[in-house]
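Coming up is one lone chain in structure tokens, specifically the form predicted alone.
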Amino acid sequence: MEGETEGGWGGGAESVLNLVPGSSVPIRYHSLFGAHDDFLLLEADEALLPDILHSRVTIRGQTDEEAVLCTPSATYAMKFVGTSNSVFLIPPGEPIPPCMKDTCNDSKSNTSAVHEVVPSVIKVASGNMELVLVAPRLDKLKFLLNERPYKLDEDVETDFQHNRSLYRWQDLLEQIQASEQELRDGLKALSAAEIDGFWRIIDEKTMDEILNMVLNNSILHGWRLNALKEDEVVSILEADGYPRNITLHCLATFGNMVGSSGCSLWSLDEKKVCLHFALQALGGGKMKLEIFLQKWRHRVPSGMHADLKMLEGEVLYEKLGFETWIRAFRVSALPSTPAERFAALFRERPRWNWKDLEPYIRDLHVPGLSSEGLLIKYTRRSQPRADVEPIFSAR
């Protein structure tokens, strides 16, 4: 500040900040003292200061949502915390001309030589905004992308409206309450792909059609499912009318890129492929376990082995007399917030044993709360005897 070195500053925030513990200083209302509802104080952890000071944070939320603050990699709920003590906002003091400072130094008793400087309160804060680390709110992302899944034949539809219910990266950033990194992770978890600049979920029929084309061609051309040559697979499917980017997305969804020498190789993931055909065999209905296993194993590609352990968090079993029935119940279709997740689970079943419940809550991550803490908060545990498996019901 100009003149600060020569003359210094009198009164204002500096007078309060330099107070010796146990001492006091008079204060007064500033001439601009007025309403207090046009500002909020933000309390932030020191680790967050670099992001805040370098404008790497964004406040996100629609008018009907509670606002969150997002850094490049994390999401924080913003909660107002009131205080019973008055918090004064005091602006910097006014500069003291050098001549007045010298006069004061020459004659400390001559108080008329300098004007009296008293800290002035310009605002009073009734509390502050507190930041609490929370999980990203990604259920809306799932809803938006499911409005219009990508279909192979959609480009030839005569009534195709290119921008209706389609979302670019910036659109999602503005709509979803999550950091950029959390949003990328959410898109990956949904197996979303960027097509013509829009993020899309590929509809199940299209994914099934392309996967079966890959498997059929592997038989025709003698491809190994753990060493598929990317260029060869893409070239052959393109000749059959399948877009290159959709074929690559299918390979990434059902497989993993493996080490290669001179060309990109893909290995189909046994669990992902078997899960796909398990859900297809169930067809959205309920059937006897024995019949399901026959259908499932018949659909699984040669060389892959179907195992019921692959279906954790994807199906539920039900005992009816001496028979076991099975039906689809996917964790990916459940809400991501703990309260809504447990409510959905207990609507499905009023009582759960741990073996059945665990696959449906293992993906819940609440900062500062362990899995045991989630169970204590949202469930009631009953265990008549130590040798009996505990049962969980709604709290």
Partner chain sequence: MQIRVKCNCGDGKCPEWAIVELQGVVESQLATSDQINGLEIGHLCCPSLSSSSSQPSYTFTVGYHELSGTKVQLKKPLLVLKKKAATQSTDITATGKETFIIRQPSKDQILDSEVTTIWESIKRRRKKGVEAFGRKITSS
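Please read all numbers here as calculations on a predicted model, not as lab measurements. Positions refer to the first chain, counted from 1. Rigid core here is just the name for the largest C-alpha set that superposes within 1.5 Å across the two forms.
Keep in mind that the form predicted in complex with the partner chain is not shown, yet the notes after this line are about it.
Note which of H30, R327, R349, H365 lies within 4.5 Å of the partner chain in the predicted bound form, where distance is taken over heavy atoms; exactly one does. The residue in contact is H30.
Which one, G303, P92, P72, P243, lies within 4.5 Å of the partner chain in the predicted bound form by heavy atoms? Only one option qualifies, and that one is P92.
Report the stretch among 204-212, 172-180, 319-327, 144-152 that approaches the partner chain in the predicted bound form to within 4.5 Å, counting heavy atoms only. That would be stretch 172-180.
Please state whether every one of the three residues W296, N353 and G373 places a non-hydrogen atom within 4.5 angstroms of the partner chain in the predicted bound form. Zero of three within 4.5 Å in the predicted bound form.
Considering non-hydrogen atoms and a 4.5 Å limit, does the partner chain approach N128 in the predicted bound form? Yes, N128 lies within 4.5 Å of the partner chain in the predicted bound form.
Answer yes if any heavy atom of E43 is within 4.5 Å of a heavy atom of the partner chain in the predicted bound form; otherwise answer no. Contact with the partner chain, yes.
Using a 4.5 Å heavy atom cut-off, state whether L334 contacts the partner chain in the predicted bound form. No, L334 is distant from the partner.
Would G22 sit within 4.5 Å of the partner chain in the predicted bound form, counting heavy atoms only? Flag for G22 set to yes.
Which residues, if any, of 42-69 lie within 4.5 Å of the partner chain in the predicted bound form when only heavy atoms count? Counting only heavy atoms within 4.5 Å of the partner chain in the predicted bound form, the contacting residues of 42-69 are L42, E43, A44, D45, E46, L49, I52, L53, H54, S55, V57, T58, I59, R60, G61, Q62, T63.
On a rigid core superposition, would H36 pass a 2 Å threshold for CA movement between the shown form and the other one? The answer is yes; the displacement is at least 2 Å.
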